[in-house]
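So here's one chain in two forms, each on its own in structure tokens, numbered structure 1 and structure 2.
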Structure 1
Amino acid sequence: MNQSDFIKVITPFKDRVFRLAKRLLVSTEEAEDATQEVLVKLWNNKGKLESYSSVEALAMTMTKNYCLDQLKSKRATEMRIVHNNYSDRQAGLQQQAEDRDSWSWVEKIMETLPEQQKMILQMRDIEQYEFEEIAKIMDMNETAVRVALSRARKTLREQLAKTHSYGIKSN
């Protein structure tokens, strides 16, 4: 496999690798480092890539593992999840403020989720991966992925409802 073949193989998913790394590591610089590390490892193993049914799943698994290793290191205490890919350019000023506030709450709630649920929620609802792909990346069966996603969404929904109904007395 030459350089142009390698680029053709990785181009469709390299941004997804970066977004997953950014979701897990927060820092753009850390995410860029993680992405570069994964791409270098893929390049070094370019001869074996054709034997994999999904190079993208391999890259996402490598990214997940690399990021989790980084989180386990001493830098983990300084990191938090930030997601700023969301914006609604059509909304009015009031709606934009409400959206920012809601998204801020979603980020805070996602920080409290277990790592596995956080990653599955990111891959399914933000990256739009299929359950089968997530199962391969996370080394789980599809049912377990669906259960974890359901639990993550339920926690998110309950916490958001609690936040938005704060101070409202229901009889």
Structure 2
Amino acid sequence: MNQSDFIKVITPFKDRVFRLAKRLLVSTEEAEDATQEVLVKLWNNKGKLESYSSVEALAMTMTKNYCLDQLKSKRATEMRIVHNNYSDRQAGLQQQAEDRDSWSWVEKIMETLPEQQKMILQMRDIEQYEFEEIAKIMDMNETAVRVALSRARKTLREQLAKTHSYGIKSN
């Protein structure tokens, strides 16, 4: 497999890898690094790629694992800089203008979801994967995927209803 063959293989899904990484890591820069990491890893193992039924599912699984690892090590350091977190929230006050944008509300609510639900919601409602594919990537059965997805969607609905009625009351 040469370089242009490889590019052909990854082009259909490289944006999805990036978006999943961004969903989990939030920062664009970190998501770009994660995407690079995963794609270069695929390139280094390009000889074995033909033995996988779906390179895309493999890439998504690798992305999931890589990002969860990143978050784990990040959280370990964050525990020590609690004060920094606090001042960060203060800076959030200045972003209230942005918060009024309804899309960013959805994004904020989505950020509060547990990682598993976040990933499933991302893969279903944004990437439009079938349940079978999601189950494979997440290493779960389809029923469990449906349950988690339903929970995530309902949380979004509840939280959005709250912000919606809050907006009405404060007016």
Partner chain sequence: MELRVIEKLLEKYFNAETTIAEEKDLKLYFSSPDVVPHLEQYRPLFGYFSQQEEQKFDKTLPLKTKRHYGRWMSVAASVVLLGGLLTFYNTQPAEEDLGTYDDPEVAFRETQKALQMLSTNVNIGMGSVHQVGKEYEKTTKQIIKEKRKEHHVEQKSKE
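Take the two forms, superpose them, and find the largest set of C-alpha atoms that agree within 1.5 Å; that set is the rigid core. Start at 1 and count along the sequence of structure 1; that gives the residue numbers used here. This one's a predicted model, so the numbers in the text were calculated from it and none came from an experiment.
In this comparison the chain labelled structure 1 is the form predicted alone, and the other chain is not. Core-superposed comparison between structure 1 and structure 2: the C-alpha position of residue 158 differs by no less than 2 Å.
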